[in-house]
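One chain comes next, on its own, written out as structure tokens in the form predicted on its own.
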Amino acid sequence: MDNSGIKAGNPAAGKKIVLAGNPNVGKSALFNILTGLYVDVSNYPGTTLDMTCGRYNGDVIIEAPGVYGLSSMNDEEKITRDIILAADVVVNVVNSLHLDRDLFFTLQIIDMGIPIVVALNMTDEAMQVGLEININLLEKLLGVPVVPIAAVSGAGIEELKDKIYSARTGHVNLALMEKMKMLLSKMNRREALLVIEGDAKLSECYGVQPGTEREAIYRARRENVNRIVAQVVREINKDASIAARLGNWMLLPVTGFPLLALTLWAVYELVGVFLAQFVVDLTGGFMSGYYEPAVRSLLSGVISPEGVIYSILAGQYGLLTLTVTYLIGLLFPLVLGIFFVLSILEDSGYMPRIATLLDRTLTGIGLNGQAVIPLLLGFGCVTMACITTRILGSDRERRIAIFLLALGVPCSAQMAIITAVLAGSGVSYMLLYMLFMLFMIVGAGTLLGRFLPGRPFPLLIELPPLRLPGAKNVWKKTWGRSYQFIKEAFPIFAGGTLLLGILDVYGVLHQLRYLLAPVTVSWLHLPEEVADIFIMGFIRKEFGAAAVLNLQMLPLQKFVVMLTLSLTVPCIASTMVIFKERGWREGLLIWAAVFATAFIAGGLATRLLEIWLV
């Protein structure tokens, strides 16, 4: 999902100041403070998967993807390597709670000879858990400025701004300089270090053999980090805080699953009951009771209510009535609620704990627990979730996760409409829907996990500290994503409504209903008019789902429509991202497989439930 005001691409003239560090150390929060822009800030690793640029004091600030080193093993490391090779200054953001892990990357940048300043983030949380860090000694041992900060509260930021232009290259590692000596006539020091560490691409560019001593260099660097940490970090209080104890309970099956069930119940009460049944009744009632009559009254004074133009603008599929009612009256409150919930889960640090709790369960469908993050994000936006699958460890897992996202994960807008429709039919239909969707995801995942070559990677995920989400960041993310949704959806909704209006006026819609009757009437046992919903859903799923509210159907028929529509391929934007991530051949195969599976499953569910309910 795009972020307002953010420009990504080749930076313009000026010094290149790079924000670099391990995943989930607070780079995005610092980027927002320095540039005045806003990118998503979340409490789980993998939030930043590409570079983002902004301006600071006439120079360019570049936020690099979070990495643990520059080994060029994955796309994020390759992007970060190229950014850092061109940097004038590196602001290395380090998590105070994980100094032993983060300083490895710090020393690698120092060994490259790049001017660096260390932003020691989350110092407030380190103090809360009883960690005392000797800043002056750390600065002396590294040979570069070290500034303690807390990016979320803004503490230490002014000092960091002063120190950015005092960045230094740090202590020279004489042993590495000796190894690089022969290469420095052909390339600079930063490139030479990566070559002796075995970087194949750089070696090929300069026509030299890549180094074979990476393991020995890394081991020596790790030992150096351990020595530094042993000297500068002191534990002054080992008692676990309430947040630490709650975080541990979330990981234990005996307490973790009840806490997860409690969380899901709270989400249902907020979105499915309060927003879908109370707020939407108010907003929907206002749109149909006041807005639509006002539009029709104004138009009837200008053009004839019997004419084609009036029908297209304010008829059954009115461009000025149906589009606005669906977007503002029905979808906006529900989308706002879903994004609010996701923002809370992201910022609290609960999401990686759910991943850990469900790790063993997901192994059965060919994934590890880390796949929970893109799957949960899919309930916000499938497009964004498909991109987030890049955090998974193998191409096999990315393939399975994207297929499951396309098949069985409804986005926020669609989920909101589904909740509103099925909640009106009773809790039993909502539970039935969840059961069928779970069965489809587990079934498809099991088949893919069994027949695709390879095995799931073991789960390696950082557990961030459990935090109380900041109201400001939660509101910014909720509002920004909801606004972006409306902005993206409006032209698609308007185009879809206009198309349906024209098809309806000229009788084409009726012919399409007749052509699709073997599927809708004979196979799914639904009214002929449901063909409109699937045509609308082809444009955007929630657009079709919202139309169910206007059709008189039995609860079972509403359930079948929701189930089939949920299982069909996602919106146009998601489809394009799937094609981009998997290539057009595999993307097309996923699209066709999901589409066929949806209608076969819809028909089978119809027959099964008809027998069961008789």
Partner chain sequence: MTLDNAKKGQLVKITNIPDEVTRIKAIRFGISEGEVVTCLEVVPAGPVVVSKNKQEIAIGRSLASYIWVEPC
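Numbering follows the first chain given and starts at 1. What you are looking at is a predicted structure, and each value in this text was computed from that prediction instead of being measured.
Here the subject shifts to the form predicted in complex with its partner chain, a form of this protein not shown in this document.
Heavy atoms within 4.5 Å of its partner chain in the predicted bound form: which of the stretches 222-230, 339-347, 164-172, 420-428 has them? Within 4.5 Å of the partner lies stretch 222-230.
Would you kindly say which of Arg101, Arg399, Lys476, Arg190 lies with a heavy atom within 4.5 Å of its partner chain in the predicted bound form? It is Arg101 that has a heavy atom within 4.5 Å of the partner.
Looking at Leu435, Val273, Ala294, Leu252 here, can you tell me which has any non-hydrogen atom within 4.5 angstroms of its partner chain in the predicted bound form? Answer to the contact question: Leu252.
Whether Gly154 contacts its partner chain in the predicted bound form should be assessed with a 4.5 Å heavy atom distance threshold; does it? Answer no; every heavy atom of Gly154 is more than 4.5 Å from its partner chain in the predicted bound form.
Distance check, Glu215 to its partner chain in the predicted bound form, heavy atom within 4.5 Å: Yes, Glu215 is a contact residue.
With the cut-off set at 4.5 Å between non-hydrogen atoms, does Gly307 touch its partner chain in the predicted bound form? Outside the cut-off, so no.
Glu462: heavy atom within 4.5 Å of its partner chain in the predicted bound form? It does: once its partner chain is placed as it appears in the predicted bound form, Glu462 has a heavy atom within 4.5 Å of it.
With the partner left out here, which residues of 122-152 have a non-hydrogen atom within 4.5 Å of its partner chain in the predicted bound form? Stretch hits, in order: Val129, Leu131.
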